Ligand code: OSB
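One chain comes next, on its own, written as structure tokens: the form predicted on its own.
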């Protein structure tokens, strides 16, 4: 396909409520979007990097620079026929996976539109509905948390994930599990603990958790392997899994029993499929994590979640949980049964609201014309 234009945009979207993790509190999201025009079609990608380089080494600003000056010109100089061509095109650039995913995912969207098939179908998806869970941030107190959990369960969500950190864990789990003994419950530490906390983490076994997500260092397999041997509860790795090789290493070392796949963290759909396949071959279930995406990134997560080894509810929840007004239509909704219906129209399946995007744009820049010549 001939690339006719690449436009980067930064949008500012306030969250419905603050979202706190062990990294800190997020109240507003700086959303970075890429719009790629080709042969009368437009593909959209979203960069999931945070405002600060806390979750990963990337941030909104660093990704903008890499997209504008490196990856965008590289893509514009090529004529990719498949989203899977992007890793080759971007191979000179090390790391910067969230920036790479921004463009690669838009190319997959374009390809699906060109072929007249849903993006989920192009990826190899097998589901027409995906099961949903929610991620609940650290709250000011336990009563506030219990109120939110009650609301999300009433909305039909199938799995509750609680962000945790030292000082906000055991008492929280005790209260939630006492109130709702039968729900599917998990926790996410975002690397807040160390191996010296192993005895404390073993106490989590008492709460019948589906998983403990990334309890130790963000780049570790070895110590997670040591910890998993002491735990009955499954460890789920998130930040540690950057590619297929990492998934294979984690499986070989028995560092985890579950893997969270995030499109930005692994660099786009191509590597996400490779991680999915490696985990499936080794009997490790996967699920799709969220990064406070707008509807563009959310639509990509829905498509990814249709692959066969996504057997656990992901963090792909309704637009209204995060935004007063999303930038897609229809907005993502969750059924009373806790499911999202997968679109069957070509491409990502959700139209972007161009007028709203334009109104929310605070920064906009096109890839230099010379790169598109």
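Just so we're clear, the structure is a prediction, and the values are computed from it rather than from any experiment. Positions refer to the first chain, counted from 1.
Form predicted together with the named molecule: not shown, discussed below.
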* Asked: So in the model of the complex, are 1, 35 and 114 all sitting within 4.5 Å of the named molecule, heavy atoms only?
  -> no
* Just to confirm, residue 97 within 4.5 Å of the named molecule in the model of the complex by heavy atoms? -> no
* **Residue contact check: residue 276 to the named molecule in the model of the complex, 4.5 Å heavy atom** => no
* Given that the partner is absent here, does residue 118 sit within 4.5 Å of the named molecule in the model of the complex, heavy atoms only? -> no
* Does the named molecule come within 4.5 Å of any heavy atom of residue 315 in the model of the complex? -> yes
* When the named molecule is placed as it is in the model of the complex, which of 204 to 212, 121 to 129, 104 to 112, 182 to 190 ends up with heavy atoms within 4.5 Å of it? -> 182 to 190
* Of these, 155, 231, 292, 149, which has a heavy atom no more than 4.5 Å from the named molecule in the model of the complex? -> 292
* To do: Pull the contact list for 1 to 25: residues with a heavy atom within 4.5 Å of the named molecule in the model of the complex, in sequence order.
  => 19, 23
